[in-house]
Ligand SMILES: NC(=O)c1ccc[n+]([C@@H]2O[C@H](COP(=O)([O-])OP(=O)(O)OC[C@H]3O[C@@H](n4cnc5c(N)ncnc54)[C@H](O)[C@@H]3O)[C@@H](O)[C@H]2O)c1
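In structure tokens, the next block holds one chain alone, the form predicted on its own.
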Amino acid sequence: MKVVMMGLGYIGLPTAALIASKQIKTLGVDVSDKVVQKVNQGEIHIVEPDLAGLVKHVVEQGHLKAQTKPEEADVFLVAVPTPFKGDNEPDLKYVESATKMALPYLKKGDLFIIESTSPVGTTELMADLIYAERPELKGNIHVAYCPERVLPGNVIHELAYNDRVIGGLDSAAAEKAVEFYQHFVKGELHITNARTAEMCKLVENSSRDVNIAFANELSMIADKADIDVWELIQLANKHPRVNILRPGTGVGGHCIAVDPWFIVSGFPEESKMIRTAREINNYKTDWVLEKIKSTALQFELDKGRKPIIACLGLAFKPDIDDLRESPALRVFENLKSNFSEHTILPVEPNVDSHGENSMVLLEDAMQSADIAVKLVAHREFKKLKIENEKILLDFCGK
């Protein structure tokens, strides 16, 4: 068997490495020459525990290589981004591009699987694209959809042990996909149709978004009521059937902050709660910004000078380097642009720099900052000590 992985990002590279670890010949394809070069050197371009050693091993063993163009294979996997366009509408340009790149190399009997998070009907659209260009393949290849459901920071383990939902355009495609995933997935494989599998991924993350929205809304209510939200949630969760999540700076990442909009875009009249939850979580970031700015202005009135502000954490969640859709990064960039007369210090232990901004060491930032803003609950911040004259704004938990 030979496998081609289209896309070597946060999901594609770990998946390709895991497949290759089963001594399956795997070709990773990415449009970035830099990514291809790094992988072929046995190195990685992302931060993910256990991934560096695995990639080094499978590359050295000759089971994984990377290049910018695909080749003929038995299985083609698409794991590329699905960003927004317009008014939070899904943009399928990368999925389409990956499909078109694979087109010339598809042959009778091949298995073509989309793993990219996609709106309902995407698998059918890509199949139509394939058959429009290669009509001889209709009925002769297997097309399926199988979304990932992993936690950044624990991707290798979850790729192997989490259950997977596999939706085929027909039963033969689903069975073929199950046969493939059994090579490297120890979790249970659940067969359905492609549309249900596509919606399943969106529903999973929309459910989480709604629950987070309740926590974020509660945090704003508690602040206005002069109640410690962390104590409130801890006490409320003593109820045997209550499990309120922890509020934060907002919601980020390539899943929860994005996937609900795919449902809203496709079903605008029916998705009122899902839309409201997205709006609440987006608003929480604006609320955080206003709290920082009002605190800074009060400091200036009291001290007669503008405060130095340290933004602690820029990633979208703790202990990773992923800045995609990060509310913490949005806070920092907004302060940098609109509060430009202030000194704003970015502190992100998992990233050396972002754009023109070099990261500041936590120790250095805490020495000079007047206001420390805890935006992400990185482990480096858990034992943070605040001197009496400094102000701490904690938006992600004690």
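We number the residues from 1 along the sequence you see. Everything quoted here is computed from the prediction, not taken from an experiment.
Unshown form predicted together with the ligand; subsequent notes refer to it.
**OP:** Would you point out which of 188-196, 150-158, 213-221, 122-130 contains residues with a non-hydrogen atom within 4.5 Å of the ligand in the predicted bound form?
**Re:** Heavy-atom contact with the partner occurs in 150-158.
Original post:
Even though the ligand is not shown here, does it sit in the predicted bound form so that I11, V80 and S116 each have a heavy atom within 4.5 Å?
Top reply: Contact check passed for all of I11, V80 and S116.
Original post:
Is Y94 close enough to touch the ligand in the predicted bound form, meaning at least one heavy atom pair within 4.5 Å?
Top reply: So Y94 counts as contacting the ligand.
Original post:
Would K201 count as touching the ligand in the predicted bound form under a 4.5 Å heavy atom rule?
Top reply: Looking in the predicted bound form, residue contacts with the ligand include K201, since a heavy atom lies within 4.5 Å.
Subject >> Partner contact for A98 in the predicted bound form: the ligand, 4.5 angstroms, heavy atom >> reply: Judged by the heavy-atom cut-off of 4.5 Å, A98 is in contact with the ligand in the predicted bound form.
**OP:** Give a yes/no on whether L51 approaches the ligand to within 4.5 Å in the predicted bound form, heavy atoms considered.
**Re:** Contact check for L51: no, nothing within 4.5 Å of the ligand in the predicted bound form.
**OP:** Name the residue from I371, V47, M359, V31 that puts a heavy atom within 4.5 Å of the ligand in the predicted bound form.
**Re:** Selected option: V31.
Original post:
Which of these residues, A277, I309, V288, C255, gets a heavy atom within 4.5 Å of the ligand in the predicted bound form?
Top reply: It is C255 that has a heavy atom within 4.5 Å of the partner.
Original post:
For the stretch 233-248, which residues lie within 4.5 Å of the ligand in the predicted bound form by non-hydrogen atom distance?
Top reply: Going through 233-248 in order - heavy atoms within 4.5 Å of the ligand in the predicted bound form - there are no hits.
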